[in-house]
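Only one chain is included here, represented as structure tokens and corresponding to the form predicted alone.
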Amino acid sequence: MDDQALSGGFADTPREAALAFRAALTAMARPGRIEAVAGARPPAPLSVAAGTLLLVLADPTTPVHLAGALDRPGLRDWLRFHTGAPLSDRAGAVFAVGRWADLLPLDAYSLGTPDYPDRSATLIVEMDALDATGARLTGPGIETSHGLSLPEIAAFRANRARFPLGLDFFLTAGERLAALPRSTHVEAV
């Protein structure tokens, strides 16, 4: 394990973790709303937002799948040191993080079961930018509609069609994050 794996966590853990957790909950409760987060300094190429999410959501009971370019020794060591989360393949992951193309196919992740729909995976999608343009979102937590840049529309529409089963998503870019729970309706604009 190199020295970089030992650094990059929260400097003021109770305060920063609470703020980051609140931002994650707000984003999930208000789909399409973009929140700013800070605190984590993960190894490249993981964004601050994705690293911060992993610090507050992952623990020794939540297997994490690192997809594509994120599956590298420095990031694996950083994640294990700061969260204790075991690494996993897609099928066993509670959380998966990576670029959209690297996270596909979505059917490889747990979608939950009819008795336990909450036992599905949450994907953290790393993006180049995140803004309020692109797709139109409606549904629970959205008064009228929100706009959100998405990597594609069809996959999110298909995910919604499986409700109450399906995946939940966080989208991250730099220090910004937004959420897209499986209950959200997605339309092309």
Partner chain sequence: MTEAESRVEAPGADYNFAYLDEQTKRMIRRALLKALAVPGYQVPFASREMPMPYGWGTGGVQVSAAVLVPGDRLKVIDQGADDTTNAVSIRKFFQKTAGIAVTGHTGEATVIQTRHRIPEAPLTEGQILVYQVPIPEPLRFLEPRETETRRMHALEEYGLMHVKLYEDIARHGEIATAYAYPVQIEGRYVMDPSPIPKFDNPKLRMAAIQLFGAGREQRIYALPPYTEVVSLDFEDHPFVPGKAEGACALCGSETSYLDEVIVDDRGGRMFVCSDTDYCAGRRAAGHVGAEGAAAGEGRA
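Residue numbers count along the first chain shown, from 1. None of these values were measured; they are calculated from a predicted model.
Omitted here: the form predicted together with its partner chain. The next part is about that form.
In the predicted bound form, no heavy atom of residue 38 sits within 4.5 Å of its partner chain.
Residue 9 falls outside the set of residues with a heavy atom inside 4.5 Å of its partner chain in the predicted bound form. Shown alone here, residue 128 lies farther than 4.5 Å from its partner chain in the predicted bound form, counting heavy atoms only.
The closest non-hydrogen atom of residue 133 lies beyond 4.5 Å of its partner chain in the predicted bound form.
Contact annotation: its partner chain lies within 4.5 Å of heavy atoms from the stretch 119 to 127 in the predicted bound form, the single such stretch among 44 to 52, 119 to 127, 65 to 73, 150 to 158.
Not one of 34, 145 and 174 comes within 4.5 Å of its partner chain in the predicted bound form, counting any heavy atom.
Residues of 25 to 46 placing a heavy atom within 4.5 Å of its partner chain in the predicted bound form, in sequence order: 25, 26, 28, 29, 30, 33.
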